[in-house]
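Okay, here we've got a single chain as structure tokens, the form predicted alone, with questions on binding and movement later.
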């Protein structure tokens, strides 16, 4: 399981240098030589510990489940993360080499003040070189926090065009309370909730809205929904808004339904939303406002997912 919440905040180059040099400024010594060596050792420890903490907080991305690998790649770019972490590892190695040589120079009789000034300058130059990578990793951490931690429970993925009522349905049946508003692309994240059907816990995923267009033309938000359908679903509930108040013709919605059926090898349930606003009943229909049809939908989900009652 990937848990982005465990990723620490990443300091900028300026903040990291302030931390290392500030800590070293408080170090004492009986002689100039000893004091300089103690300062360099402190900088060494602060930088080494910090770089190791950031690098080790990231998982082995190549060994993550495919859903997480592809989701991270869509969200921030796997190669960019690996490149940034490699830059930190390089900086760690280079600064330690500078400090090791500087300590050796002091021990062999070179002027401690000159050695320290030179070492600080070279260390600062290296850390400043990786400032873009430090800033990227901190921004990536914020984005990656949007990727949910998932369980192995049977999973129902709710899909469809934007604003057809997916979030309202998920909110009605599960523990998740996504933000809902009356405009397209309200759901920009993936929301995960849980419900029970006859004593069996079901993971319910509310996906960003999809549009009926080729995958290469889909944006980042839509691609996240595709990954949920591809890797997570045991069953897909495809919601259609026949009132077209979502802003999309029903013909487009039905076209997307056929694409989903063709491309994903799991049961697909098609259902109408907003049943309190129309009389169409050639498909199962529900209303998240009145509750009409919700139990019927869950009964169909139970059948399609092969859920047996737990006694």
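Because the structure is a prediction, the values reported are computed rather than measured. Numbering follows the first chain given and starts at 1.
Here the subject shifts to the form predicted together with a small molecule, a form of this protein not shown in this document.
Not one of 38, 119 and 122 comes within 4.5 Å of the small molecule in the predicted bound form, counting any heavy atom. Segments offered: 67-75, 109-117, 132-140, 166-174. Contacting the small molecule in the predicted bound form at heavy atom distances within 4.5 Å is 166-174. Between the options 244, 276, 34, 259, the residue in contact with the small molecule in the predicted bound form by a heavy atom within 4.5 angstroms is 276.
Though the partner is left out of this view, residue 289 does reach within 4.5 Å of the small molecule in the predicted bound form, counting heavy atoms only. Put simply, residue 162 is close to the small molecule in the predicted bound form: some heavy atom of it is within 4.5 Å.
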